[in-house]
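Take a look at this single chain, the form predicted on its own, given in structure tokens.
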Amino acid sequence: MRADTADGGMRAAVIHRYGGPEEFRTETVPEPVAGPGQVLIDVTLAGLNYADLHCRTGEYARYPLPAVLGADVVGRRRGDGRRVAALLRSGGGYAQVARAEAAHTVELPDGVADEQALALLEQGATAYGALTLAGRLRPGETVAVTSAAGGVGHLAVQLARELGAGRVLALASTPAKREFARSLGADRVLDPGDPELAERLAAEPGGVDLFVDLVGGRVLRAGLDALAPFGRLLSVGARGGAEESFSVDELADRSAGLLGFWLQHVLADRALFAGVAERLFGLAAERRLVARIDRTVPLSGVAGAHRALAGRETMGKVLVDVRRED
């Protein structure tokens, strides 16, 4: 059901203090106002990302309260009515109207549905940038991807294939997720909770050239142990918390590299961001890259979606239909 906002406000999922998913309230709040270099978007769908969980608790970014979270939206740009998708570096996505930097907004081609465009922009750009810009994947190389059924991971598996990887290894935590990863074209699927994970990875013929990690912790050590000479261990995104530590000697022994990737550095270059988006949407239009939509929830379902994502219950992208409340 869509709520009326005849008073000029908009409906949004709002938090008044940092904490658990129960902090979300669906409320009428003032619409944002666009400043110089900004645009307003009448939102159809917003995305839910793992980083949102850390924003909700205040661990990742502390926005002024009350706050509307959400880092990616798709909808119609005010002024010209064009279909656009945008990344929001200051939140504001779980609402019927969002304010975005014009430089972080891209127009959508006719052949790509809103759901696919939204699922591809944040997570797809992360996966593509990690593989090409930071990971410098070369044709024929062996790639391993952790959290391979997640929003970024399931796109990274497909993109690794599209970019010419020789073999793709997918790490996923449940049998259903491993079967999903296999359906995406992974040559081999592994359980990251397997106590013999390091040995199984190390048994890969020729070793792993690029290990794309979206989780952290013990899998990083297993990834390092499996690297081929001149291999790269790539950590994607800011997660917080302590990670496994490696000595320079351990890296030197393998002629290996330890790398990081943050999408913000793509956003900082408008031409680069627009080029990555064009590449992703082109692949989507040709059905060579397909984002899985795990579920679409109304504004009142944001709290439950946060719980599901935190519990690792989802596969692919979670969307919020901001036009609906229940």
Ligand SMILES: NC(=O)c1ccc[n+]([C@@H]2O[C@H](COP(=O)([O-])OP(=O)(O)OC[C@H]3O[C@@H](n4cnc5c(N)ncnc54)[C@H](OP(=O)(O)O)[C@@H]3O)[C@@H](O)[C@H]2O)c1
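Residue numbers run from 1 along the displayed sequence. None of the values given here were measured: they were computed from a predicted structure.
Just so you know, the form predicted together with this ligand exists too; it's not on screen, but the next bit is about it.
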Just one of 62-70, 279-287, 259-267, 31-39 has residues with a heavy atom within 4.5 Å of this ligand in the predicted complex, so point it out.
-> 259-267
Please state whether all three residues G150, K177 and A310 have a non-hydrogen atom within 4.5 angstroms of this ligand in the predicted complex.
-> yes
Should F273 be counted as a contact of this ligand in the predicted complex, where contact means heavy atoms within 4.5 Å?
-> no
If you check in the predicted complex, is L197 within 4.5 Å of this ligand, heavy atoms only?
-> no
Examine A85 and determine whether its closest non-hydrogen atom to this ligand in the predicted complex is within 4.5 angstroms.
-> no
Is A160 close enough to touch this ligand in the predicted complex, meaning at least one heavy atom pair within 4.5 Å?
-> no
Could you tell me which one of A156, A144, A100, A172 places a heavy atom within 4.5 Å of this ligand in the predicted complex?
-> A172
Taking 4.5 Å between heavy atoms as the contact cutoff, choose which of Q116, T126, Q96, T105 touches this ligand in the predicted complex.
-> T126
